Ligand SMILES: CC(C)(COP(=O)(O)OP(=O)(O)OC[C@H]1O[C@@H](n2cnc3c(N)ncnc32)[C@H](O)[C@@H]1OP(=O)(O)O)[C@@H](O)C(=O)NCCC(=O)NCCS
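The chain that follows stands alone, in the form predicted alone, written as structure tokens.
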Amino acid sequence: MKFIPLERSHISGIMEIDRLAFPEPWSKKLWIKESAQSLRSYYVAIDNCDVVGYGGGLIAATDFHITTIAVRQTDLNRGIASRILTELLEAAIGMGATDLTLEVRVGNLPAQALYRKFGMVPAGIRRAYYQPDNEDALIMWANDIDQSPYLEQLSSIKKTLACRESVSHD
């Protein structure tokens, strides 16, 4: 499996996942616009020439805001989202990010567990944030992602994922 920066040729594969993962998926026009913007970072997971996951975000001042992340339903629990997050965080730190934030549905406990693994903690609620069902969003943050303790945590996650991948290839 490869984890590479998003290219325009990946957008149709991303949109297939997007349609199944979210009640209001992004349009092709929005994906094209987002992928062309500076201060953005989007990565895709490619397995056998197919897009199986993606994620991305933007930097504002020194905050990296994860805007979207999803994995193809048949590829859940393979560590793909964790690998995408490691790629995104390394890119974000390279772009000068010191803090990390996102919103996640209050009912999406698996995603919240993933973000907690990456040191994110709840910081507030955005009421009726997600449409069309008016579900609340949990705001999560991780601070000082460019400092030693966080970088060590990120390195540990990467090692664990690399070990997991080498075992699955044996």
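All values derive from a computational prediction rather than experimental measurement. We number the residues from 1 along the sequence you see.
Note that the form predicted in complex with this ligand isn't included here; everything after this is about it.
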| item | value |
| --- | --- |
| Non-hydrogen atom within 4.5 Å of this ligand in the model of the complex for each of P5, L30 and I32 | no |
| L76, heavy atom within 4.5 angstroms of this ligand in the model of the complex | yes |
| A81: touches this ligand in the model of the complex, heavy atom cutoff 4.5 angstroms | yes |
| This ligand contact at A21 in the model of the complex, heavy atom, 4.5 Å | yes |
| Proximity of K117 to this ligand in the model of the complex, heavy atoms at 4.5 Å | yes |
| Heavy atom within 4.5 Å of this ligand in the model of the complex - the one residue of A137, A142, A70, V51 that qualifies | A70 |
| Residue among V121, A36, A60, A113 with a heavy atom within 4.5 Å of this ligand in the model of the complex | A113 |
